[in-house]
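Coming up are structure 1 and structure 2: the same protein chain in two forms, each one given alone as structure tokens.
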Structure 1
Amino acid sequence: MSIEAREARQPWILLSPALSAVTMLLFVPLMFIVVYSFWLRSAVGPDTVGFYLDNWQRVLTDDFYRYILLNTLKIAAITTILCAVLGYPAAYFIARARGNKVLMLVLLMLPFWISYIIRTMSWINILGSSGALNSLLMTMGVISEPIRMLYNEGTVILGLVHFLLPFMILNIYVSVDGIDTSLEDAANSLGATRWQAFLQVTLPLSLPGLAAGGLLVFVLGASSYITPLILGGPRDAMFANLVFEAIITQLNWPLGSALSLLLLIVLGSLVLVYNRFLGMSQLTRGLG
């Protein structure tokens, strides 16, 4: 074999383990659950192989499933907006701060290293019946017995915002940091106030970062099921909880496949729309 041919083969040899892993552990399994979603659960014994539309009919027409799906999208949307509102000024501050920039950045990375479940359950210490807030209010004499603040939709959103905010800040930061400050200065020297300069120069230029952060937060928020289990009440199930119920509790794997695929289709189409207009590079920039 010639040297050129060997050179040309080398990268594919290096890539083959990772590509095989992704193929065998992601793409083939995804295709498999497409097939599985047309099978039927049998009362006893293995699932019935075939082509049945029952699961899909149930997933697409059941009012309860539709309600949970819409509610999940609503929760994810609120979470995304809150993250943007909380995250943008913070990200802007880090990008434009001169003093403790490195410290702020290290602190920003820290939540990524702190366990998700610890961060989620930490709110029980704050809002629980014997948590910090209740004991503070009781010591101050504002209330005589603990108020129930936990286990509702609000705390689910709170938990999601707390978990996802760093993703948003990081993405906006990367974007704002890449904007030349002399652009703002130029706008100022042309008579714009700081606020006008921000609205008409910086904000539009940082929209790709905001969009990347928004997409990440929305998709991660809409597909979570641990946060509602820990911080939500029995009626605060999100769509991924339905999937978990079907697969783990009811062992109805064909139905669980259809539910998973519906979630994938809904969130996947968002990712595709994003990719069509903005491309993936902004996302990978924030993650790298």
Structure 2
Amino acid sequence: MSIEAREARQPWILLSPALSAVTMLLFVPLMFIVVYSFWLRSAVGPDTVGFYLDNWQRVLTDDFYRYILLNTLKIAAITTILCAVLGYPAAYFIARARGNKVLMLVLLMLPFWISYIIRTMSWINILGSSGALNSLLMTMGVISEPIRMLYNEGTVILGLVHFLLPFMILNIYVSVDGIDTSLEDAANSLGATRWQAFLQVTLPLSLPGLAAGGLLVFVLGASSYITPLILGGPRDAMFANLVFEAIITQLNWPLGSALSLLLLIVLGSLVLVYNRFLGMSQLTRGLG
């Protein structure tokens, strides 16, 4: 074998363990889900094996599933916008801080050391009828009886922002921290105010990190299951909850497979649109 052939094969040999793991743990299970989506659930006995479009017809034509999907995308979009508005100032402050950035980053990542479920359930102790907020308001005489704050769409969005905000801040921080501060100084020396320098220099250069954080937050928010289950009401279910209901409660694996693939297709299409207009290179830049 020639030297050129060995050099051409070497990257694939080095990547073979990772490619094997991705194939066995991602693509093979995905193929099973694709096959299951065309089966039919039987009232008694095993599922009916074959190629049937009943599940897909039900998923694509039922107004109920369409409403839940659109509502899921709406909640994910609102969560992304709020995370961007709240996360950018925090990321900018950390990136431009003259103190110990490592300590601030450690404090930012502290929530990751606590279970996501525990963090989500903590809002029940804060916003519940006998929670800290209602107790404080009643003690101060602001209200005479507890206010219903839980189990609505607003609480679901609050829980998602609480969960996903660190992801947004970290992505924006990496992008802002990589911008040379001398560019802002040059803009100021040419007569621009600090605000103008930020809008015309820092913000455009940090858009890759903002875009990467936005894509990550949107995808994680749209596929969230725990937050709407704990903090949402019956009318606040998201699409992932329908997948759980179909597979675990109804034991309807074919329908659950079709639902999960529909969500995967929708989110994958959004990633393709992102790649078409911004490019995945922007995403890798934002991720550092």
Partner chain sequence: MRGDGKLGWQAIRLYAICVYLFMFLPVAVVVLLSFNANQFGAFPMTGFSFRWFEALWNNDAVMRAFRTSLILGLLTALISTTLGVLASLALVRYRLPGRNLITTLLIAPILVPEVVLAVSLLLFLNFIGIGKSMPMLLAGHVIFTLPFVFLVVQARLGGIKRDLEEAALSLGASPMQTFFSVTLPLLMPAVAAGALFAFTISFDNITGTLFWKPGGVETVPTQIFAMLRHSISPEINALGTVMIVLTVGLPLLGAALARKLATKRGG
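Keep in mind that what you see is a predicted model, and the values were worked out from it rather than measured. The first residue in the sequence of structure 1 is number 1, and each one after it adds one. In this text, rigid core is short for the largest set of C-alphas that superpose within 1.5 Å between two forms.
A.B. asks: Only one of these is the form predicted in complex with the partner chain, so let me know which.
C.D. replies: Answer is structure 1, the other one does not fit.
A.B. asks: I want to check I265: does it shift between structures 1 and 2 by 2 Å or more at the Cα, with the core superposed?
C.D. replies: No, the C-alpha position differs by under 2 Å between structures 1 and 2.
A.B. asks: So, with the core fitted, how far does S20 move at its Cα between structures 1 and 2, in angstrom?
C.D. replies: That residue's C-alpha is offset by 2.9 Å.
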